[in-house]
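Listed next as structure tokens is one chain, alone, in the form predicted alone.
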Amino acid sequence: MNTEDPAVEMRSISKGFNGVNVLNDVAFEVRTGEVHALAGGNGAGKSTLMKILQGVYHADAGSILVAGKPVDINSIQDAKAAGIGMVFQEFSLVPSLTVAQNIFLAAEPQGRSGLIDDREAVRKAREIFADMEVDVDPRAHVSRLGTAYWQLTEIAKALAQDARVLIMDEPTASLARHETEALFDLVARLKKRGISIIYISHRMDEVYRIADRITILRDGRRLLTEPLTNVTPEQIVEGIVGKKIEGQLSYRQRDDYSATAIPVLEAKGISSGNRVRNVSFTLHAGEILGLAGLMGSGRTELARVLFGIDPLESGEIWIGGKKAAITSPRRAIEAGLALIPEDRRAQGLVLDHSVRDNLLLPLLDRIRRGPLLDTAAGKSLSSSLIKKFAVKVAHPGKPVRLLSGGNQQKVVLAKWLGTEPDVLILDEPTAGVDIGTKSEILDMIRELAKAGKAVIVISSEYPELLAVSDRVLILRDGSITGDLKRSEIADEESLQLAVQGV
């Protein structure tokens, strides 16, 4: 169904905020039945361009054509009327409602009496899922479903509004591998029906697997638009970052820690619920320990127990050779631990607060002067963290929600590293960030270990896990099934087989 006819054209789009140009004369198009990848570093303008197409922002200059006809998109309702839908990276569903209720939220079918007809909503939802060739129960409450079903519900919600163009923003960021494969199959079916897809992703393997063409933005300008067959992954990375990046995903042999010294952290048979079962391991100063496993294997739950978020039901945690009573995050922080959570927006940041306030939240004791806080000291400390971690922000007093995903992640890293922990736990530290920021974070992890910090890295990105880990623990059903030195793992496929228990 792929044709040369543009489904959407954006011509000479420009947009600025507070006198700063974010987009400069950008042209972008997606053809009918095409998957068009949109790539660029954090802050390159991708989100702003798509929010203009969605009606969240209005362009300062330029025009939009849908199916060859000029349209004015001044609101999300205008975008829907033009057949444009978006599947957000941060889901927009209401967990307490059913799947069907979410799909038809604000557009509920009504009976003759004028009341909402839930049965008709369920019937229509079944038809949409049947058309998508996926099995989802429309009557199920969203809160009881896994992430993959949330993703499918988001797509169904857009299709229910007769979307002919779907914007997918990092759609696989929270999916397991088999769920990602199922999503790719669905995208292929949607293409055959003539639906156009704008696919935003930082994962090069996915882009080459699924996209027909790619557009790269850098510093608010279009750098190139080419068929994927005409560009190499190296050229794409260089285009996104502005320079060649070599060796970041290669493991570098390190001798910065001693496995014979007293462990900085030791877990002895710890259990919590059915997600963490009799887990034992050691972690030494200067060591980077990777945690690998499928979604639901207990990786995040183990981190939550170590940091005192979830209760320790049995077993012991030892810090520096002494038994520690970590019954809360405060106790964990006092013991020298820090946790970079999996979901930075929901768990790592207060989105409506300023960048400065977010940076200072775990550091208030440093700027406390009696019962009050020293404003000048707070400004100085936050400015030093912004500089040290290269956070790109127009003003520290601006809300952190205005930052790009990569810069939000840097804020989360900066505020916890500002506590100077002995043990740093990072849960999916590179999720949803561009290749340049990703390489910065991996180098940061290496430098922390070199400085004597003990680091635990949880990641679904096996190349990244193998690039930094000295050892890898394999988790399955809440238990450790393997403890492998990096030298014992030949490649990504070997790790994948180990995780699957093959």
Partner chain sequence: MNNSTVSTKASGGGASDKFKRTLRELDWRRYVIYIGFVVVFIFFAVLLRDQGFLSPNNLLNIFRQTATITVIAVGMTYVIACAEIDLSVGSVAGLSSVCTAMALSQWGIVPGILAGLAVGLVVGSINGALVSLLGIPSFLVTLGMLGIAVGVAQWITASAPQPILNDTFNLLFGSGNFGPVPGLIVWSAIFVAIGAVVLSRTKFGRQVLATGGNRTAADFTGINTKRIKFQVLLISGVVASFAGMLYAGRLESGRFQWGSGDELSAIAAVILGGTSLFGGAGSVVGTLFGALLIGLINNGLILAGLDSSQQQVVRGAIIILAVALARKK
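Residue numbers count along the first chain shown, from 1. This structure is a prediction, so every number in the text was calculated from the model and none was measured.
The discussion below concerns the form predicted together with its partner chain, not included here.
With the partner omitted from this view, the residue of P233, G146, P362, P311 that lies near its partner chain in the predicted complex is P362 [heavy atom within 4.5 Å]. When its partner chain is considered in the predicted complex, only one residue from D205, E133, D352, E420 comes within 4.5 Å through any heavy atom, namely D352. The candidate spot formed by F104, R164 and I197 lies out of contact with its partner chain in the predicted complex, as no residue has a heavy atom within 4.5 Å of it. Of the candidate stretches 262-270, 354-362, 428-436, 288-296, only 354-362 has residues with heavy atoms within 4.5 Å of its partner chain in the predicted complex. Though the partner is left out of this view, K388 does not reach within 4.5 Å of its partner chain in the predicted complex, counting heavy atoms only. None of the heavy atoms of R119 is located within 4.5 Å of its partner chain in the predicted complex. Its partner chain in the predicted complex is not approached by H178, whose heavy atoms all lie more than 4.5 angstroms from it. Remark: A81 does not count among the residues lining its partner chain in the predicted complex, judged by a heavy atom distance of 4.5 Å or less. Shown here without its partner chain, the chain has P329, R330, I333, L339, P341, R345, A346, Q347 in 316-347 lying with a heavy atom within 4.5 Å of that partner in the predicted complex.
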